[in-house]
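Presented below, as structure tokens, is a lone chain in the form predicted alone.
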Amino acid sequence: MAMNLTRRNFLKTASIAAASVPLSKVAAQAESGVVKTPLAAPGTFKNTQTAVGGVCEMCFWRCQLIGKIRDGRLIKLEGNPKSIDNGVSICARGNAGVKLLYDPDRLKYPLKNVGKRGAPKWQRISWEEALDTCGSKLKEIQEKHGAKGIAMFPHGSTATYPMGFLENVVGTHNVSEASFFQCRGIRDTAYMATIGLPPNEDVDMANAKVIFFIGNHLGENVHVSHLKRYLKGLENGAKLIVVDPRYSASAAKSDIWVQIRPGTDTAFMLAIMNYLIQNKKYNAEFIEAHGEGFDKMAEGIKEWTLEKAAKECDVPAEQIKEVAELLAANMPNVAIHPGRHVSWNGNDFQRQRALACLTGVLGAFGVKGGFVQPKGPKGLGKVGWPKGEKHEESLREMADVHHYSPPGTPTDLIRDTAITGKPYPIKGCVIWGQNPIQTIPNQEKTIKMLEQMDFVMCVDVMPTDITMYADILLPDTSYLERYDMIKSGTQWDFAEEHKQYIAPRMPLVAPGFERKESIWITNEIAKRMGYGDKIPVQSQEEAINKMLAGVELSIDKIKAEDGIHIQPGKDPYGEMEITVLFHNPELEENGYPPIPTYIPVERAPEGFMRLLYGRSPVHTFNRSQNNAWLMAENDSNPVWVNDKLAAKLGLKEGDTVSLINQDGVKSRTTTTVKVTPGIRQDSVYMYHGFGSMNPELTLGVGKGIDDCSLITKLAVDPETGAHGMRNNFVKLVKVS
């Protein structure tokens, strides 16, 4: 049977003038009443107070912070000196949280769209009117179509509580998180189907003899504590293998760089495993104790010789052998990184299965330098809505597809159902902290889904592209203005002693204007829908204290400890209680390959290049595209073009180009060319998240190209229903 996962066990781990005005006008009028304290010059923090308890959310890594406050205004962010995670270090994005907090384009008041979706005209309304509208519209849809008539697209910690309300109390299955279906979900379910556990990034790079990255560009994602482990490993002498079609920041530090053809990673790993098995250079002792189906996998991958993989991957056979020999010579102390954003080509479940199996072939589980399970604090309580009955079957169950789906519903099942009305209508949409215009491929399909809705509500901090399609737009608090989650973890890999930490997010400043936090908003909507008796907590502060009570802590106690509670930790090393399913019979029962299997990808058509994307070191995709400090550092996404290809195309460094894809879709905006030998001729590369189309983002609108607008051809991973995001092809058109 297939996995049936919940998020919890999956992750473990007054009258107002009604004049219609543009949102930017509302923002400008509102900001004019703010008394602004000039930012201090570096090192001149006189007459300031230090606020503790900050937990960053400029990306999902959640470094612990302190804030320097003057006259009630945040003037600087720093890493919390007490942190055993990121320490005093924070990245450029973390520093720039100050500019997010005081961004004049931020949402400030509840707004009603009196124009059209996609071309909104915003009218400022009271919270009472906004909540009455949201509650009555959602209730009306529920009464007419059932809970299944509502869909939700959530993201981030602020969306957890409202997501629980819609799933557990209202009862809808139609929830799709980009963090699962366009990012990490494939990785987690593939590892669960292989070792019974979802991975995080807890590979012991600091103590590894070899670090192996395939489709991973550490140094550009800039997750601080993660990079510290990675750099410590390199300082300690670890060899680095990077498999990437582009000369990334990691490739620049590598001992071996494999410039692989995109989409052929699984073939590469099958050849490595076959070589190790045929030459008896695998960890037989570990496999005997922890493996199942090894012989079946060994037989099934025999065809993947070095020569066959070399032809498919377009890399030298000797280089594949060199990688295999280096891994074998240093096993089991090898860090096989599982990656993070792994939704690539529509064949990614099998690629992640291959990664997990390669780790097993080397016996690199539970050992120093390998895949470990650091033991974090236990006893933290849970706060959530009471679970009711979900009377309707989920779309995935009704279609009997994607049996290894992450929690929630695959995005395309929701979009297709909403557009066609089959097998049932979906007429209400709640979007909370997610920007589906830039997270989900084929923007036209997303817009069609929204156009047929009876009601769309958005809750966000900034006016992102998706907010243009809202009927009601609500202003959320930023991570610097609220309580909302607890970051906990452990220091285990290069500390003198193992320690654990508990760090709840606490506000560094009070919310400005009429921004409200998600528990208050959700509770008020719940009351209006008739569920007031099921409300579990009244505030974020109450929720945090309930969770901390399980470990005999409280907000006040942790404030007294400078915002972080630290306690003794446990040694994470030693034999892991896992079984590595090299051959998984359950997969076979559900109609999927039981051993890691390469599913070929299309080669670039004549005259086209595969469109690849990734992270800018100073941006978090689209979330930071209006940040003045970060845009000053990086305000566009030049397209990387191979130098030989550029010469053939008559392109030079800095030329202005637009892009057009295989379906004839042309980029709305332009960018410049970066000519480099550090990318294959069959591919181009650009940073993701640029090219915003919402004019209310006065700094980010139209800067660079929105790569997602060019991802119109869909590839869906059969096991999980998650999207492939790098399976489109483009031409470059020089702009005179």
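Numbering starts at 1 and runs along the sequence shown. If you're wondering where the values come from, they're calculated on a predicted model, not measured in any experiment.
Omitted from view is the form predicted in complex with a small molecule, to which the following refers.
Colleague: In the predicted complex, do Asp476, Arg482 and Tyr685 all put a heavy atom within 4.5 Å of the small molecule?
Modeller: Checked in the predicted complex: all three residues contact the small molecule.
Colleague: Which of Asn435, Ser83, Asn627, Asn637 has a heavy atom within 4.5 Å of the small molecule in the predicted complex?
Modeller: By the 4.5 Å heavy-atom cutoff, the listed residue in contact is Asn435.
Colleague: Using a 4.5 Å cut on heavy atoms, which of Tyr501, Phe455, Tyr191, Phe621 is close to the small molecule in the predicted complex?
Modeller: For this set of options, the contacting one is Phe621.
Colleague: Counting only non-hydrogen atoms, choose the one of 357-365, 244-252, 574-582, 140-148 that falls within 4.5 Å of the small molecule in the predicted complex.
Modeller: Partner-contacting stretch among the options: 244-252.
Colleague: With heavy atoms only and a cut-off of 4.5 Å, decide whether His402 touches the small molecule in the predicted complex.
Modeller: His402: no contact with the small molecule in the predicted complex.
Colleague: Asp460 near the small molecule in the predicted complex, any heavy atom under 4.5 Å?
Modeller: Although the small molecule is absent here, Asp460 would touch it in the predicted complex, with heavy atoms inside 4.5 Å.
Colleague: If we define contact as a non-hydrogen atom of the residue within 4.5 angstroms of the partner, is Tyr613 a contact of the small molecule in the predicted complex?
Modeller: Yes, contact at 4.5 Å.
Colleague: At the 4.5 Å heavy atom threshold, is Met725 in contact with the small molecule in the predicted complex?
Modeller: Answer yes; at least one heavy atom of Met725 falls within 4.5 Å of the small molecule in the predicted complex.
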